[in-house]
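One chain comes next, on its own, written out as C-alpha cells in the form predicted alone.
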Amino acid sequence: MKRMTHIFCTGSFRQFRLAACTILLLSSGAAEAALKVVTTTPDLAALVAEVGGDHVDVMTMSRPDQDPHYVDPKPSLVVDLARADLLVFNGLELEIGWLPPLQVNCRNAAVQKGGTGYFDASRYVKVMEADREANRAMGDIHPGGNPHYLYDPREGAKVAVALGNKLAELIPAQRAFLLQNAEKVAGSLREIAKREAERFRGLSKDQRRVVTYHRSLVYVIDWLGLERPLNVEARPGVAPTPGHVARVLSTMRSQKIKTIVQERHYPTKTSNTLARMVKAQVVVFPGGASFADKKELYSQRIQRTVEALYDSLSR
C-alpha cells in the first residue's frame, strides 16, 4: 500500500512539474509576444517594422496603389484596430475622411486620442505649407499643412526616432534595442537624403525643372532642390480644365521641361498626353512601400523612387 502511494505521489509530482513548466513557457511566450501595431499607410508600416524588428507585429490599413485620402473603412479594419496595441497614423488630416469612424467603432481605448497607443507621426516633422490659407474654392487643401512629408527621408528619419521612443515606452524591456535601432534607421535615412541631394545638385538648372500632377510632392521638390513652375492640376483634387492643360503644355515647351511626376493613384491620361506632345517622360511614384506583399523597407522605397526620377531628369 505504501509502495502504491509512493508511485501515485511520484506520478502526481511529475504531472505537477510538467504543468508548471507549461505555464512558465506560456507566460514567457506571452511576455515576449510582439506588440500589435496598425498603421494607416505602407510607409509608416515599413518604418515601424524596421525600427521595432521582431518585437512588433505590423499591418497597414491601405495599399501603395490607394489614395490615402480615400480608404474604404471596412469592418475588417475595425477588428484590426480593436486588437491593436498601437495605432500609427500620418496626421494633418490625410486620413480625416475614414480613420475617425474606425476608431470610434473599434472601442479600443488605447488607440483613441490621448490613449497609450495613439501616435500621430506629423507631430515630429517640419510641416510645409502650414501657413497657407485654405478654403473649399482652393480644392483639396489641408489647413494644418501638406501631409505628404514621407516622400522626404529627412522627415522619415525624424519619425523613425519618435517611433523608437514610443515603442520603448510600450516595450520597456527592449528599450535599449529600440532606441539604438531607431537611431540606426534614422542615420541611414539621413545619409540617403544627403547623398541624393548632392547628386541632384549636379544636374543643370534646366534638368532640375519638373511638372507635378498633384500638389503632394512639395517635400521632394524642397529636398532635391528641384524647380516646379506649376502642377497639371490647377487646384488640388480638381480635374484640370482644357485651358489649364494648354498652359502647362506651353510652359513645358518654353522651359524645355521633360519630366512629369505623379503618384500611382492619380489618373495618368492627361500626363501621358502632355508627355507625348513635348516628348517628355512621366515618372510615376508609388504611393508607399510595398510592405504587405514584399516587406519593402521605407529606405528601399525612397531609393527606388529617387532612382526613377534621376534617370528621367539626367537624360
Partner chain sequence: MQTRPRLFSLLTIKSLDEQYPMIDLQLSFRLGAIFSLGLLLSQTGIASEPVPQDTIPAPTTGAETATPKSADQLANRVKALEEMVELMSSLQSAAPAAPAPVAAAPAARPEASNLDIALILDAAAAWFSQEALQTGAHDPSDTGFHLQQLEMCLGENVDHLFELKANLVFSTFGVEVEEAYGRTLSLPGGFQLKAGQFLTPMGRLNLTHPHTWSFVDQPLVNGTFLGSEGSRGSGVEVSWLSPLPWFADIVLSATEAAGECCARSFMSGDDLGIRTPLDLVYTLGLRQFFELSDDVGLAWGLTTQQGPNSTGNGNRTEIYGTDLYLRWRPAAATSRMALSWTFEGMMRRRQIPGGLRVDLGGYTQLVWNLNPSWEMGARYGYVSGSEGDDLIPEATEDRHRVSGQVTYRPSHFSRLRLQGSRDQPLYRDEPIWVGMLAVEFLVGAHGAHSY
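Predicted, not measured: the structure shown is a model, and the values here were computed from it. Positions refer to the first chain, counted from 1.
There is another form of the same protein, the form predicted together with the partner chain; it is not shown, and what comes next is about it.
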Candidate spot E196, R253 and R276, all three in 4.5 Å heavy atom range of the partner chain in the predicted complex? no
Exactly one listed stretch (69-77, 198-206, 224-232, 145-153) reaches within 4.5 angstroms of the partner chain in the predicted complex by non-hydrogen atoms, and it is 69-77
The listed residue (R83, H244, K184, R175) that reaches within 4.5 Å of the partner chain in the predicted complex by any heavy atom is R83
Considering only heavy atoms, tell me if I171 and the partner chain come within 4.5 Å of each other in the predicted complex.
no
Could you tell me if A130 has a non-hydrogen atom within 4.5 Å of the partner chain in the predicted complex?
no
Q. Would D65 count as touching the partner chain in the predicted complex under a 4.5 Å heavy atom rule?
A. yes
Given that the partner is absent here, does H55 sit within 4.5 Å of the partner chain in the predicted complex, heavy atoms only?
no
Looking in the predicted complex, the residues of 262-297 with a heavy atom no more than 4.5 Å from the partner chain, listed in order, are R264, H265, Y266, P267
